[in-house]
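Given as structure tokens, the chain that follows is alone and in the form predicted alone.
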Amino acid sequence: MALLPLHLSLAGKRVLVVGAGAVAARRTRSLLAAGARVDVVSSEVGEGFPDVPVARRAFRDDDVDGAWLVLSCTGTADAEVALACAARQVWCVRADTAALSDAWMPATASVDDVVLSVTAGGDPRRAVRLRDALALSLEVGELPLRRSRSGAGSVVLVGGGPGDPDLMTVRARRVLAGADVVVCDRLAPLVHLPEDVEVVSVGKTPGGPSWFQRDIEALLVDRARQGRRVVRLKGGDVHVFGRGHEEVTACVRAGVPVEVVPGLTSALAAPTYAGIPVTARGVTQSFSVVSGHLPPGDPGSTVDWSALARLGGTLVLLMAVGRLPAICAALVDGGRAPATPVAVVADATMPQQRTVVTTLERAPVDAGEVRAPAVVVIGEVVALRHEWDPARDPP
């Protein structure tokens, strides 16, 4: 059957509903949400029916007079209602048999300013499943949801998670789906973006060319002042060694609207994907996350490695593989046992993930060939590591 999809403006218009059961209740609520003036004719009214005028009697043909649309939800008199509508050239939606109806009610959903209307050959359950799938794809950014530019630019700092795009938050995917410009770090997750989105890579490569932080901040402000929606996409979480505070401050000082979307940090994701709990009852009640981008003894370092050694608990190190020999030596000198278990998780959450399990005294040798990005986990919880790989072998 060939159908013409059509959206109706029913605000202030009279719509007749015949019947007052569960189906009629759902459709009456939809009509009220659309602003329609709803009249109901039904000899019986179901529990919880919306608060609208109900003529408690049997349907009469002249009930149709003056209605822009009629919904017949009786299950017994729908054919009679449809005949009365046809005689007056009024559209009628029958709830009993879709194949005999001249109009259908689609399964609908709204995502921001997008309205989805789905019909599926008269199968309402299939239509609902399709509607829900499409709505979810829009909500998580798998389908584009971009609006026309309003002239007001903005910046959103997005924590993209540890690497696997499936671990990004729903909010992060939705923000990306509406971006005009994406300014991304080297470790940001790889996601599909429309061709007209400007992508600027500002990743800092160890030992290679890198953007200055002030230039990144200037770029964000400049694109936003052009009236564009800018997404600053980072790996992990924006505020876990991501210099997010500096970029937020730059936007605030420039008068640019700015938002922060948190992300899953690799400090938690890497141990989990390596089968290691960062805390465990009877083993440790604390964990610390520390940056290892500066070695112990460096004048710029604010980390008290001796205090960390005495603190105990689980120690999670980010950006540390290049300084691992010096860090391990400092922890042993500070009192950590040389036999303390250590795990080095490289490329966490990605298909090429690799985990090296060793000890504090052996780590510089056993993990000597591991390259960034990698997360180091130090503590007795490493001994609890499951043999299965949560990334590829769920229990």
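All values reported here derive from a predicted model rather than from experimental measurement. Heads up: residue numbers just count along the shown sequence, starting at 1.
There is another form of this protein, the form predicted in complex with ligand SAH, and it is not shown here; the text below is about that form.
Asks: Note which of Leu318, Val278, Val93, Ile216 lies within 4.5 Å of ligand SAH in the predicted complex, where distance is taken over heavy atoms; exactly one does.
Replies: None of the other options qualify; the answer is Leu318.
Asks: Could you spot which one of Ala374, Ala20, Val381, Val15 gets a heavy atom to within 4.5 Å of ligand SAH in the predicted complex?
Replies: Looking at the other structure, the residue within range turns out to be Ala374.
Asks: When ligand SAH is placed as it is in the predicted complex, which of 25-33, 49-57, 356-364, 343-351 ends up with heavy atoms within 4.5 Å of it?
Replies: It is 343-351 that comes within 4.5 Å of the partner.
Asks: Answer for Val240 alone: is it within 4.5 Å of ligand SAH in the predicted complex, judged on heavy atom distances?
Replies: Val240: contacts ligand SAH in the predicted complex.
Asks: Check Ser266 for me: does it contact ligand SAH in the predicted complex (non-hydrogen atoms, 4.5 angstroms)?
Replies: Heavy-atom contact with ligand SAH at 4.5 Å: present for Ser266.
Asks: Even though ligand SAH is not shown here, does Ala77 get within 4.5 Å of it in the predicted complex, heavy atoms only?
Replies: Taking the distances in the predicted complex, the answer for Ala77 is no, it never comes within 4.5 Å of ligand SAH.
Asks: Residue-level question: is Leu187 within 4.5 Å of ligand SAH in the predicted complex, judged on heavy atoms?
Replies: Yes, Leu187 is a contact residue.
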